[in-house]
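Just one chain is shown here, as structure tokens, and it is the form predicted alone.
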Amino acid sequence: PPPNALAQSFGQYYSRQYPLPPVAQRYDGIAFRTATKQLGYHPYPTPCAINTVEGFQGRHACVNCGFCNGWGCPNGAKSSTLTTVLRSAVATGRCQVRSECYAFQVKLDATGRAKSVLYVDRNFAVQEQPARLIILACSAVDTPRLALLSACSTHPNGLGNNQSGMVGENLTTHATPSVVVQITDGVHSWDTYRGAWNTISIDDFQNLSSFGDLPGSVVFPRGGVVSAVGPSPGYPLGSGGPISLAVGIMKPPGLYAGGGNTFSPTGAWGAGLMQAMASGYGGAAYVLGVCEELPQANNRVDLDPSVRDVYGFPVARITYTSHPNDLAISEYVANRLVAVGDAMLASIGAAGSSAAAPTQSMDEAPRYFVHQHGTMRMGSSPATSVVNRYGQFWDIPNLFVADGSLFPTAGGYNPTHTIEALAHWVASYIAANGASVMAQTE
């Protein structure tokens, strides 16, 4: 990739080149790049798990259809696990995927080691799968839920809860300060229906300690990455892809149109639908921050005492309250990004306006959780964490975690690449130490 000027200022450099060129820039991404450079920031192509070279790993290159976020990829360019890891693993003959199954308990033997997983198969029959080593990778919500569902006589409060009592605690998500950049001249268009969801970013809002106008309500000056984003089925009317826009206008009965936004139902069909789409489509671009939210023990996942799922087990109950610092950071960053939006409009000579989305706490306006982390915190002491630095349960040596629940803090980036790195980290430890791990006892 091209040098990252901000990283270089901190003495940080890429250890090696990415294997593929960056994805193509959308029109709003080009304007974002121009605008942020003019404002003294340091834009760079966002690393995307999207194939940009025809034939790489036997797959097609991206054709910029715009359906990346929220939809399936029609030609396999998007590097989901279905087209990469799982396909390669199954091809070895040593991986079996059991789909439509529901794991509900990890069982232990008399020595305190994990011995098997109970699950319901696709025919609703209960099966038991013995294993020498078990890895939980069910997400920051369902991994702690499975650990809690697996409570037994030696772990009455759930697996991993005997020492720290922290299973399910410190759930984090991300604050998402944002600005809608609206063209109003009826001539220009952001052309947001094509291209990858996120093509260009800046890291200048990661560390806010040098910003001289921070409000006094900010006690931890960490922000996050800022990008020009879209199309997406979850973003405001006019800045998403064509399907999300059409669904947002039509509001078909029983279908909620994406991502926590409340669209005004117009009920437009036929010619009315076409006119509504033509009048608003492509006029809005979206500048989004992904900012770190502080971990709090009371933000947690536990078992609901009364609600059961279709299999009869307690569902996950999520308790979440926004920290005052999260709200202060979100409002501050959103207001600063208005200048970016205005500069984007100026860079293409378009008339319009930029407006920061209102900052609301989770208590005031519960929002959708896109990024979830924490809940099975990794650490250096069993008194303050659920697992060790390798994702290994402190008191169940052959039981591991390898997902976003390991995060001690949220960080200011989309978590996917970090989750992938942690999975490699945990797997590398197991590969190097598996024999000794499976010989350990509690």
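Don't overthink the numbering: it's just position in the shown sequence, from 1. The structure presented is a predicted model; accordingly, all values stated were derived computationally and were not measured.
Below, we refer to the form predicted in complex with a small molecule, which is not included among the displayed structures.
For a residue to qualify, one of its non-hydrogen atoms must sit within 4.5 Å of the small molecule in the predicted bound form; none of M166, T321 and W425 qualifies.
In the predicted bound form, the small molecule sits beyond 4.5 Å of every heavy atom of F211. In the predicted bound form, the small molecule sits within 4.5 Å of a heavy atom belonging to H371. At the 4.5 Å threshold, heavy atoms of Y332 stay clear of the small molecule in the predicted bound form, well away from it. Although the partner is absent here, Q206 is not a contact residue: none of its heavy atoms lies within 4.5 angstroms of the small molecule in the predicted bound form.
With the partner omitted from this view, the residue of G404, P43, G411, P397 that lies near the small molecule in the predicted bound form is G404 [heavy atom within 4.5 Å]. Residue in contact with the small molecule in the predicted bound form (any heavy atom within 4.5 Å), chosen from I348, A131, C101, L303: C101. With the partner left out here, the small molecule still marks one of 354-362, 215-223, 89-97, 134-142 in the predicted bound form; by a 4.5 Å heavy atom cut-off that stretch is 134-142.
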